[in-house]
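Just the one chain here, the form predicted on its own, laid out as structure tokens.
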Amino acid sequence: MKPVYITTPIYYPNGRPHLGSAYTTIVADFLARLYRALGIPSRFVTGTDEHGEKLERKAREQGKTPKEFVDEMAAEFREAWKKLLVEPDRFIRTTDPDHIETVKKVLEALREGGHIYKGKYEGLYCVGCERYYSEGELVEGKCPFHLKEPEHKSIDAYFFRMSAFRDRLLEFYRGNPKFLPPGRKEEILNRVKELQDLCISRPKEQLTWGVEFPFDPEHVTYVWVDALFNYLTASNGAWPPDIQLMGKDIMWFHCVIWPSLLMATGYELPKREVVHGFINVDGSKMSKSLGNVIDPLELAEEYGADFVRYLLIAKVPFRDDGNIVRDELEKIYRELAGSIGNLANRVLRLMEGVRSTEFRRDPAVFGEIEKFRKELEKQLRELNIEKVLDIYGQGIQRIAHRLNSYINEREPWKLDGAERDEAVLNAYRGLVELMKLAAPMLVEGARKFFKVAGDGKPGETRLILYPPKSGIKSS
């Protein structure tokens, strides 16, 4: 059985990982773990995009070679994901030798297929985006994402005949309605109808830090062509990708440029491009000048990685722009500690004195759990990722509430003998099933729980998963 192949964008390591990149990466890690928890194999890949003009400039500013700079930054990204309990099957870097070989093979395939030609490009270039913009795409003459005026450039370059794939792309979208993200299809379809050829190289007189063209050593590969094919390099037999997660600012590259390149080179196309919105803080885009930047690593250090994962998976809407209110963060932590954390401690304490291991499964406990598990599995198998993220956090809390209500209704502390044992064992086994379902999100909490409780009778009876804390940082 081919694993479900899940990817994040590879991140440009010109700065520390931020809340946006943490969001995408945590969601991808969560999905990979959730598939496995339901018995479906998965492969999850993330990494760093290490070529291009922006990084070359950044390295020069710091008096380093580009390779020295990206080596340091890639290590920082690896460490950040480790602290957030993210465990990819591969952390790929575009400076990896096997990836450079992939890019060169792709370029040769494009040339042999007659899909590239040499020409001259003149246009408005945003270094931050590593792309050209038309006048109509600018906002008040500035890049819509970086809010900076682009540079005017004129270069000799190689072009990919992307416009030739206009009709094939439209036909593919019609035949694969799940490929494009819901709510964003019309925007993409309208732009595809005006599809232009793509500039895919930079002359070395402008840029040296990139993958050299195998048939023209005076040119290096456009960073986005280099970056997109990381998914092929890292696939390890899991091709094609089933779920490709990304923010809405890069969906054009993934939903249009990427499939057209794959069509040209003969590779099977991904099944789903899954796009999420941006994360605002206190109703505004994060900005140091506004003082509303939340560092995910500082948040994890203060409140634990499980809290960051819970916040982003259960509390931030996936499809649209989300908003985190700093004054509500402690309330959200108390919710986590008071529901699942308190439930775990409560049930384990009730296990004191239980003598039996045999019990009848009470539908009042297990009915909700089985219903939720089946719904998750259905949506995951159909790659309805937005639906999974819509229902998951509420589903986990609903089961926790049901278990707490069951304990209150049965009042096992008033029962004796076998009747008491059966009530407690139902609550305990229900909690075990809940923690298995919650483990993809609450990684550390589940590890602590199963270390104490396991699948049988626990040897200890007190467990504080999420102790009281205060003072969430922002910078």
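Position 1 is the first residue in the sequence shown; the rest follow in order. Since the model is a prediction, treat every value here as computed from it, not as a measurement.
Heads up, the form predicted together with a small molecule isn't pictured, but that's what we're talking about next.
Of the residues Leu228, Ala264, Val365, Leu311, which one places a heavy atom within 4.5 Å of the small molecule in the predicted bound form? Filtering the options by heavy-atom distance leaves Leu228.
Residue (of Pro240, Pro203, Gly277, Gly338) lying close to the small molecule in the predicted bound form, criterion heavy atoms within 4.5 Å: Looking at the other structure, the residue within range turns out to be Gly277.
Trp224 near the small molecule in the predicted bound form, any heavy atom under 4.5 Å? Within the cut-off, so yes.
Is Arg93 part of the interface with the small molecule in the predicted bound form - any heavy atom within 4.5 Å? Outside the cut-off, so no.
In the predicted bound form, is there a heavy atom of the small molecule that lies within 4.5 Å of any heavy atom of Asp249, even though the partner is absent here? Contact check for Asp249: yes, within 4.5 Å of the small molecule in the predicted bound form.
Contact between Ile396 and the small molecule in the predicted bound form at 4.5 Å, heavy atoms? Contact with the small molecule, no.
Contact segment among 22-30, 422-430, 35-43, 407-415, judged by heavy atoms lying within 4.5 Å of the small molecule in the predicted bound form: After filtering at 4.5 Å, what remains is 22-30.
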